[in-house]
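Take a look at this single chain in structure tokens; it is the form predicted on its own.
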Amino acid sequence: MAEFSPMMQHYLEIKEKYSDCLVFYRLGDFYEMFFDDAVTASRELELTLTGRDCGQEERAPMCGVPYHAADIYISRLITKGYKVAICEQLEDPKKAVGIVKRDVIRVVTPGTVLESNMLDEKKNNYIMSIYKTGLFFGIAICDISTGDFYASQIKENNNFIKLLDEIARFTPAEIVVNEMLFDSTEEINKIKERFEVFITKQKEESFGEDLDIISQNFTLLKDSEKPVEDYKNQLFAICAINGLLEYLNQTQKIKLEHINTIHFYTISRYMSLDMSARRNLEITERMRDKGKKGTLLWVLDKTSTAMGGRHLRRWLNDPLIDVFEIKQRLEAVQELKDNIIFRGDIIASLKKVYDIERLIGKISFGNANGRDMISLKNSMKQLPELKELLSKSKCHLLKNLYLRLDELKDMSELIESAIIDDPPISVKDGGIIKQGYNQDVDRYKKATTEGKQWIINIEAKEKESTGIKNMKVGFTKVFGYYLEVTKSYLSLVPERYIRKQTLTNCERYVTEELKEVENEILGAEEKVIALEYDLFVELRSKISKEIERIQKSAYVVSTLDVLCSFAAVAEDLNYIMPIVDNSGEIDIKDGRHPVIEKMLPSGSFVQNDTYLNLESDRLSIITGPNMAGKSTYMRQVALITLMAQVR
């Protein structure tokens, strides 16, 4: 049998390394797929299946997509549960000797999506790592688009049930598991039955106990947000973290600078909500269609930013049980609710803030463009105003947010000085750096726009100084710019002229000035494009070094957004501030179901009371015919209690 062609041999080598992926193999302006990948992609994406000579008797099945539209097709494949390996050209095909160098630069999976057009802006896209050892579990959860990273471990009673509850808490798009869990058929099948999630098996050795990588690259935080000194008591969580980091390294191929902090949490810190409770209470999604409308999130979400929307979802999934923390939130909401002007000014400023978390994720990954930088700059320019507004606050939580808010003036001023206000989408086509930021860029741009006039001026000046009236400046690709003098005027040629070419009727010369201008003009456009790209990458790198500062301010902004949302909802729906303590009593007067009341005509929901305690009134027996509202009443009490502990 004949050998495959050299290009196809390379493709097959790549495919063997990424056998569980569809390989997008870059050829010119297209990403091509071959053999089984082509058959699969043509079916799933409704593409025409063609063929390509591959050195064999039969042509290789082939289909492709334009490189500039690849995100659209990748998104469709990810939604259908596929992984995509992007094999890119690593050198200029015009300069390549032999086969163009290519390699996989990234693997896109359901849990590692970065592109904003593939993500729900108000929902985190989590990837979860689960490490099983015996009866115990370690878990690590990350959203690589925002940098959020959490870790915990489960080693109590009913461990697998608690694991299912944690999966329900985060609803990851992808789960990475060690071999022990993957081979536990009963457990892995239960996960697949209960959750629509992509599951990837990772080698057991990836889930190591080594602390070096973690301690060198991360700030590890406990619930108290104090640095962790002894990591060994979190051994199962450490194993899960290492497994997830290894998977991210394998798929993303670069260090993600914005993933720099791991929040260790204990499950007991939050209100215990099992999977059934989350589903039946319809906190963030409806049971029937997984939609947002008709959920508690739908009622409470008046956030102004995408970051705030995600933060609100996290709070709803993690109701607090510490009375002091709950009271801090409630006091902040009360202050914002009572001071309408104060809240209105904050909201007006928040509405001008873009998704800082995901913007810095793109910067860290190296795919942020000029428009992303302008969005980041415009967002940061709102921080001084927010800082000034928060300086007027009175409650502890808002004062704390004031102290933690970094105005990032140096970052916004840096971008302001470098990037034009309306940059092009591509960072490789020039036209992105502002005048005055770099002298060489200014000179090159001047050469491209004023070069022709420079030549005209030199011609006029030389005619005047030499008296050669018919002198003219010409240009050829071989000799460049020259001064052409006919034979009749050769006696007037000055000594400073340098002969370049002799023709039948004339001589061609150059001067030092003309050579300097030629150097400025020739290639100025290419030079300025290359220099602008280098300057942009340098700027992006400078911003990347300040990611932790930016993340801290983004956290303050998103927290403030959620508090303002709660305050706005409280005012619109006439909610009151609950009294939360450790008495063990639930005493609700004129209670209303937050979701049903909003879906019914105004005033038609009948208010009702509830009283329960840990002693004589631990149980209420609710009777009545079908459809009388028993389940509505029970859910109402649960939702009101949850709302009190969230806000």
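From 1 onward, residues are counted along the sequence shown. Bear in mind that the values here come from a model prediction, so they are computed numbers and not experimental data.
One more form of this protein, predicted together with a small molecule, exists but is not displayed; see below.
Residue contact check for K17: none of its heavy atoms lie within 4.5 Å of the small molecule in the predicted bound form. Heavy atoms of L45 never reach within 4.5 Å of the small molecule in the predicted bound form, leaving it off the interface. Interface membership of L49, defined by any non-hydrogen atom within 4.5 Å of the small molecule in the predicted bound form, is ruled out. The small molecule is not shown here, and in the predicted bound form it never comes within 4.5 Å of any heavy atom of F35. For a residue to qualify, one of its non-hydrogen atoms must sit within 4.5 Å of the small molecule in the predicted bound form; all three of V606, N626 and G629 qualify. Looking at 37-45, 574-582, 598-606, 59-67, the stretch with residues near the small molecule in the predicted bound form, meaning non-hydrogen atoms within 4.5 angstroms, turns out to be 598-606.
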